[in-house]
Ligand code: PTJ
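Starting off, we have a lone chain in the form predicted on its own, written out as structure tokens.
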Amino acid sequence: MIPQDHPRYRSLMVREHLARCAAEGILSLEGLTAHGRGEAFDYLIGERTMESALLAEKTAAALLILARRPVISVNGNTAALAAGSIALLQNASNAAVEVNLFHRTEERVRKITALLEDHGVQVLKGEAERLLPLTHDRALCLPGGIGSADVVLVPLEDGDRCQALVNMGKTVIAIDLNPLSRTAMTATLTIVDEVTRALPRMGRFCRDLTKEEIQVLATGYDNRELLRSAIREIRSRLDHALD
């Protein structure tokens, strides 16, 4: 039992939850390592949403609203951490949701789909095809989902698939706590924030942004500058850490 007054209570509870999801076959063991890496970067940003991330989240909402065929790509980590938030964002943005996995088995796809549906997510189903020029199983996607999407939200993404999607002409929104990762650098728009903070806020922005704000945000962003701002915010925090 983890006491609620423990200074790392939330973090420890999340770790226990992910460990259970791994035991149930929803999360891969490799996904636990990926979560730990992300948590380390969350320390660097102070476990809060930076100003650059807030602007990126508003911009992401605008891009989803304006998209003709938006799709939210979900892996095991994202489903385990934020299934309810995915449902809220789907309702707010009218985006389709597709399960896409690196360590893919049909059993894992079924379990993740069931978890998402238990939280109210409408998940695309069908026969996945190798539609991306990759040799691993993240190339497998649905022709009526990621295959035909114009905007793809990829929380906790693999950089090579991100690059492949961009090369196909798709707008790719990434959520990545590491502003120096291959995903962050290759995405069309990168949100340097923790997924359980980013997704609910994006859902609210989808509902609250005005038409004028949506147009300005969707056409006026510079992802390189957003990444530079995130790095500057991290450096500033480190510079003052021991003051």
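Every value quoted in this text rests on a predicted model; they were computed, and no experiment measured them. Each residue number is its position in the shown sequence, starting from 1.
What follows is about the form predicted together with the named molecule, which we do not show.
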Does the 4.5 Å heavy atom contact test between residue 30 and the named molecule in the predicted complex come out positive? yes
Check whether residue 100 has any heavy atom within 4.5 Å of a heavy atom of the named molecule in the predicted complex, and answer yes or no. yes
In the predicted complex, is there a heavy atom of the named molecule that lies within 4.5 Å of any heavy atom of residue 177, even though the partner is absent here? yes
Would residue 186 count as a contact of the named molecule in the predicted complex, using a 4.5 angstroms cut-off between non-hydrogen atoms? no
Where, among 48 to 56, 189 to 197, 214 to 222, 63 to 71, do residues come within 4.5 Å of the named molecule in the predicted complex by heavy atom distance? 189 to 197
Which residue among 77, 90, 163, 113 has a heavy atom within 4.5 angstroms of the named molecule in the predicted complex? 77
Residue by residue through 21 to 39, tell me which have a non-hydrogen atom within 4.5 angstroms of the named molecule in the predicted complex. 28, 30, 31, 34, 35, 37, 38
